[in-house]
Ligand code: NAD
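So this first bit is one chain, no partners, the form predicted on its own, shown in structure tokens.
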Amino acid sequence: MEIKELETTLLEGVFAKAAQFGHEQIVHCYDEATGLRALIAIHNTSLGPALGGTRMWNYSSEQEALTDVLRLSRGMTFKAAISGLNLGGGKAVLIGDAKTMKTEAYLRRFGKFIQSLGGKYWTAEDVNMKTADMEYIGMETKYVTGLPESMGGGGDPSPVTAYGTYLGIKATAKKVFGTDSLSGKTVGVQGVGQVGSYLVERLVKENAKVVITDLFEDKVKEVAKKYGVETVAQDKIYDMDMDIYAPCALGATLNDDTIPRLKCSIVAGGANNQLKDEIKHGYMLVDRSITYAPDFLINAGGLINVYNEYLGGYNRERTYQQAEKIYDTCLNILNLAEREKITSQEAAIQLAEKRMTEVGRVRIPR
């Protein structure tokens, strides 16, 4: 295949993907000197500028990275809308090994790409990105959140993400068990990175029986020792008897292979895009009488945190108060799904799209 034909094929693939997910814009970022290869996806800006974190991952292919950034940015649109935030949905992915490729020059070059979008996209930290990385990016663009508290930012958003996830778990427990107490409940937490480890801390304080797993064995040992929790092999978590399965790592862990193996009443965790196929796997959970807390709702604490930073005059107490609304919203969505005989994911998207339509009509374009 000639270069021109190859370029045409790739472009057609990108446009097809954008049409599938309903995106406004996809930005390709490349810098030979630093090795930067990145994608920025802007899904919808009807409620405000697109805000979403940057994650760095060693994707197996550029197509895998494209699919990930499109799914993640779409989720950010719904996350902002369902949480009552005046933001659109966006996301960025850096393609490569975070341990070897992240340098000041690399991150600052990425910051220049963000600056070139003129505020249509604001970034924050996500998987394999830290507050210090936001500092470097912030040297080249003002459209960055998740900055250190010493710089007037909100710092690491992970504790707020974990808090919202915890409240979502409690709300779902209230719906399923009739009480939101997690004392004595077995919770399998998959992924004990920043969000997962903060969630484990809250669950242990409530006397839940916590079992953890993670791709990185050293992280498992560290968290298990710190909180006195049990561990299980990565693939075995789907087969264990538990009340609640809390996926807090990467997405698509709810799929054709894993759902039939689950022995739980609730799925509620902090990971994005947990359902590999929203419709098919949402209904597979319904058929197995497993109640699913929509991921983009209950993990919205991190977005709420950076939104308050984006507004200026960051206030931690205000941020946590806003995150507390996740509990009631989650219950409302689960009740709506039951009444309408649809999945909780469909109910959440329905409410998000309703706000986008109603508020989008009254907003004055900039």
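Superpose the two forms; the largest set of C-alphas matching within 1.5 Å is the rigid core. In case it trips you up, residue 1 is the first one in the sequence shown, and so on. Bear in mind that the values here come from a model prediction, so they are computed numbers and not experimental data.
This next part talks about the form predicted in complex with this ligand, which is not shown.
Among 105, 286, 204, 215, the residue placing a heavy atom within 4.5 Å of this ligand in the predicted complex is 215. Distance criterion of 4.5 Å from any heavy atom to this ligand in the predicted complex singles out 193 from the list 148, 119, 193, 84. Exactly one of the stretches 167 to 175, 277 to 285, 152 to 160, 136 to 144 approaches this ligand in the predicted complex with heavy atoms within 4.5 Å, and it is 152 to 160. Candidate site formed by 234, 249 and 271: every one of these residues places a non-hydrogen atom within 4.5 angstroms of this ligand in the predicted complex.
Contact check for residue 54: every heavy atom lies farther than 4.5 Å from this ligand in the predicted complex. In the predicted complex, this ligand stays beyond 4.5 Å of every heavy atom belonging to residue 226.
Using a 4.5 Å cutoff between non-hydrogen atoms, residue 299 counts as a contact of this ligand in the predicted complex. At the 4.5 Å threshold, heavy atoms of residue 263 stay clear of this ligand in the predicted complex, well away from it. Core-superposed comparison between the shown form and the other one: CA of residue 320 displaced by less than 2 Å.
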